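The chain below stands alone and is given as structure tokens, in the form predicted on its own.
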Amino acid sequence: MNSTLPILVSGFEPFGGDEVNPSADIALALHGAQILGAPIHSCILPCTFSNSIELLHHAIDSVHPQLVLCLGQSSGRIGLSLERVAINVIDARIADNAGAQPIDQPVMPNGPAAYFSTLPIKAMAAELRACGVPVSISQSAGTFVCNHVFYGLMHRLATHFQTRGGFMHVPMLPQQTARHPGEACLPLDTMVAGVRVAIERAMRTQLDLNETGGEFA
């Protein structure tokens, strides 16, 4: 990769009544840092179906990144979770931050059924495991705003062959567990370090590892 080209990392504003969102905190912590000489630019997206993709596309057009990693919080994740596929479906379990709750709607009318991440997710996961960071490969990014943005990202990059992109879900922060008892969490510094490791491995890897990452149905 051309190390002079920037990296774009996005996170989301808090949603669902929470006062924080670890994806935003991670993105902001990385803003201005460098990985293998490449500067990181961060943006925080609204947790809304109406304009989150538009704002991500604006950031891509402004930054011209070599790599885009979108981050989002998800309950039930016990570690960093690298998403394999974005699907062309919105089926909101709760309302977004604008009060919208689309059901069984496409992200992009007439778009393909799905897009796959173009990041080397298995190599990234292997690097994180070697560093002792909890990680998994996920086969579903859900049907809420995270998947919406993931699909919008890959749709935008489908004709930009020099830019790779993907999505990573992160667990909650320790301070969120009082409101969400029983949820897994990780400290912010662990997640920031893990995202750095994952991005660096992606920058150094063009051909992904040929190892299992599948699941039973």
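Each residue number is its position in the shown sequence, starting from 1. Worth saying up front: this structure is predicted, and the values here are computed from it rather than measured.
The discussion below concerns the form predicted together with ligand PCA, not included here.
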Requested in this report: From the candidate stretches 98 to 106, 72 to 80, 115 to 123, 129 to 137, select the single one in contact with ligand PCA in the predicted bound form, where contact means a heavy atom within 4.5 Å.
Outcome: 72 to 80
Report task. Decide if the three candidate residues 57, 86 and 150 all line ligand PCA in the predicted bound form, where lining means a heavy atom within 4.5 Å. Result -> no
Report task. Indicate whether residue 164 is a 4.5 Å heavy atom neighbour of ligand PCA in the predicted bound form. Result -> no
Report task. Give a yes/no on whether residue 90 approaches ligand PCA to within 4.5 Å in the predicted bound form, heavy atoms considered. Result -> no
Query raised in the report: Taking heavy atoms only, is residue 10 within 4.5 angstroms of ligand PCA in the predicted bound form?
Result: no
Query raised in the report: Can you check whether residue 41 is within 4.5 Å of ligand PCA in the predicted bound form, heavy atom basis?
Result: no
Query raised in the report: Quick one: which residues from 23 to 43 get a non-hydrogen atom within 4.5 Å of ligand PCA in the predicted bound form?
Result: 23
